[in-house]
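So this first bit is one chain, no partners, the form predicted on its own, shown in structure tokens.
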Amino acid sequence: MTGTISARGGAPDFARASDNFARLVTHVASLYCAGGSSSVSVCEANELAASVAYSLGIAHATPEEAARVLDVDDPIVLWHDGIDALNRRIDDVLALWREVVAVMPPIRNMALRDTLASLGEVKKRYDVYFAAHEVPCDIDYQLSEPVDPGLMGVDYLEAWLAQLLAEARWIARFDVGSCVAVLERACPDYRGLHVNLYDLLLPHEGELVPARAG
């Protein structure tokens, strides 16, 4: 989760925390409606509340944990701090994405190519103010070990890219030509199908030629 649950002693003021959350969601809804309608639908309000909760790091918190976070003098300042933290984490996601792109051998697969291209635009596509809990990219490539579907927003992206990087590093241990030769035998349409390259190559590890050092 984004942020840190307060470790202050004593019970939080639940009424104050509840009022602060309502005040904050109202503030965000006002920003969301700027220049347009003065109201939001129930569905939109729920999504904005989910975004706010995620940006504060309380999306999966217990009521007491959430109250400790929200028991503050200015919830709007708290929210902006959460937004700043998410923006920093998006920069880290992009750094992880660049590492994946650098490590992944040039083996053509449309789903992988399109997914990496989408992830490369995460800074532009991520709506940190109104949809912080959503995954803003088109992720079509299948990982060998699926990411926890309960993860949201930046948490999901971090876990997804970390798993792909592990798979890419394993594939990069071998000569690209030998990988392609194995893939063409094991799955002739590996370029167009939604398949995982690591899963296709692993059973044939003994046939793969180690990559040259340097």
Partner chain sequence: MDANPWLSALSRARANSMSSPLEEVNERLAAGGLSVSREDVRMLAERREEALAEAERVEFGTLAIMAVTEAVATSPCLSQERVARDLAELQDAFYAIRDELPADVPDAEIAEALRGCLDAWGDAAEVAALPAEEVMRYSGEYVRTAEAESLGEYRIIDDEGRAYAFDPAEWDYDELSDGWDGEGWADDWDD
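Positions refer to the first chain, counted from 1. Quick caveat: nothing in here was measured; it's all calculated off a predicted structure.
Not pictured, yet referred to below: the form predicted together with the partner chain.
Student: Of these, 161, 66, 154, 183, which has a heavy atom no more than 4.5 Å from the partner chain in the predicted complex?
Tutor: Contact residue from the list: 66.
Student: Tell me, out of 193, 22, 202, 11, which residue has a non-hydrogen atom within 4.5 angstroms of the partner chain in the predicted complex.
Tutor: Of the listed residues, the single hit is 22.
Student: Since the chain is shown here on its own, which stretch among 139 to 147, 91 to 99, 77 to 85, 126 to 134 would lie within 4.5 Å of the partner chain in the predicted complex, judged by heavy atoms?
Tutor: It is the stretch 91 to 99.
Student: Do residue 168 and the partner chain share at least one heavy atom pair within 4.5 Å in the predicted complex?
Tutor: Because no heavy atom of residue 168 falls inside 4.5 Å of the partner chain in the predicted complex, the answer is no.
Student: Considering only heavy atoms, tell me if residue 72 and the partner chain come within 4.5 Å of each other in the predicted complex.
Tutor: Contact check for residue 72: no, nothing within 4.5 Å of the partner chain in the predicted complex.
Student: Can you tell me if residue 59 lies within 4.5 angstroms of the partner chain in the predicted complex, counting non-hydrogen atoms only?
Tutor: Yes, residue 59 lies within 4.5 Å of the partner chain in the predicted complex.
Student: Though only this chain appears here, would residue 33 touch the partner chain in the predicted complex if you measure heavy atom gaps against 4.5 Å?
Tutor: Yes, residue 33 is a contact residue.
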